[in-house]
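Shown next as structure tokens: one chain only, the form predicted on its own.
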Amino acid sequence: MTTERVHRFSRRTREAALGYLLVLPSLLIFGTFVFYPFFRNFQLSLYRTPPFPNLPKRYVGFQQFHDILGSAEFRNSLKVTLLFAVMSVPTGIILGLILAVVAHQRLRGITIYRTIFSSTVATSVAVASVIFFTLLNPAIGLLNYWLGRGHAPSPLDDPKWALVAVAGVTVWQNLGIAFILMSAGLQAVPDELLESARVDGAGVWSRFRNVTLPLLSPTLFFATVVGGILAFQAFGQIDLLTKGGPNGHTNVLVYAIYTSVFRDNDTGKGAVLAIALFVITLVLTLVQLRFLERRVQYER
């Protein structure tokens, strides 16, 4: 081996060592808080937890996946989770887009409305849940009264309306971030294109449909994917408002995992549900990336 090759090999070795040294902190963090919990969770899913804590766990392999994922309880939680996502994600995006279009107008004092529309971004899930829990109270809740329910039970206690009410709270709480995203997307639309369409005789709706909406598609795509992931991870509002009730009508998958582990002390069942939630979220995200991205038009 020549001297030049030796120096080149030594330099590549030093560069590789430096690269590994730089990524080592990230690898340690991901290994400790992501990869190890994931593999540990998979290991727990192979053991059935006995009803009595003093008894040892029993290895059952993938039989536990068959039993839990084929149960009526899991199908109900999956159905509730899908319905919750369908109710909250499109509604939040549409309302955020409408508010962004209104706030995008050049009107006097519109900055005040922009501040109001985006204010919910600073509201935590706990605060939003407490606000709506009070508003929907059957005795003192103004919203419950305005809905014509009087002293009737709160919608949160009604099997027909509980999931709708929780989805409404989620939409309100996430409306600020949806408004900000849509506003940023609208500001990126070139004014000269809108002016050219106006000169060509296009009306307001025609300009919005044929110019603004296509250029806004990357923002809509991003909001849909992120909103879907967040909907499948919803927990705080469910725990504070309904506890998964009434009769399991708001028992989303994340809350089912929580109750399995912390209420029933069934870590095996919770691990299976967690893996199922991960796979479902991954598949839905890939489907969204596969089909929705085809409709995205990027500005060149």
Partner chain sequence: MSADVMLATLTPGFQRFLVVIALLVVAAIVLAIVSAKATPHTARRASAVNRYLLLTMLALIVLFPIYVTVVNSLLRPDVIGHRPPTLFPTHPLWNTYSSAWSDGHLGRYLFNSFFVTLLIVIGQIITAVLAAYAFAFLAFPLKRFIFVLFLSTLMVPAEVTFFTNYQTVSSFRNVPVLGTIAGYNTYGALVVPFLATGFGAFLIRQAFMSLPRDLRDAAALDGYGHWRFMTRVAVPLARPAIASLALFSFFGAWNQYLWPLVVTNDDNHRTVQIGLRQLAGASVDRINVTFAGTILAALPLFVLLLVFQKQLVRGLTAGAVKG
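Residue numbers count along the first chain shown, from 1. A quick note: this is a predicted structure, and the numbers were derived from the prediction, not measured. Rigid core here is just the name for the largest C-alpha set that superposes within 1.5 Å across the two forms.
Unshown form predicted together with the partner chain; subsequent notes refer to it.
Interface residue among 213, 86, 193, 184 relative to the partner chain in the model of the complex, by the heavy atom within 4.5 Å criterion: 184. The partner chain is not shown here, but in the model of the complex it comes within 4.5 Å of a heavy atom of residue 257.
For residue 74, no non-hydrogen atom is located within 4.5 Å of the partner chain in the model of the complex, even though that partner is not displayed.
Using a 4.5 angstroms limit between non-hydrogen atoms, residue 236 touches the partner chain in the model of the complex. Remark: residue 10 does not count among the residues lining the partner chain in the model of the complex, judged by a heavy atom distance of 4.5 Å or less. Residues of 269-287 that come within 4.5 Å of the partner chain in the model of the complex, judged by any heavy atom, are 270, 271, 274, 277, 278, 281, 282, 285, 286 in sequence order. With the core superposed, residue 69 shows a C-alpha displacement below 2 Å between this form and the one not shown. Superposed on the core, the two forms differ at residue 28: its CA moves 2 Å or more between this form and the one not shown.
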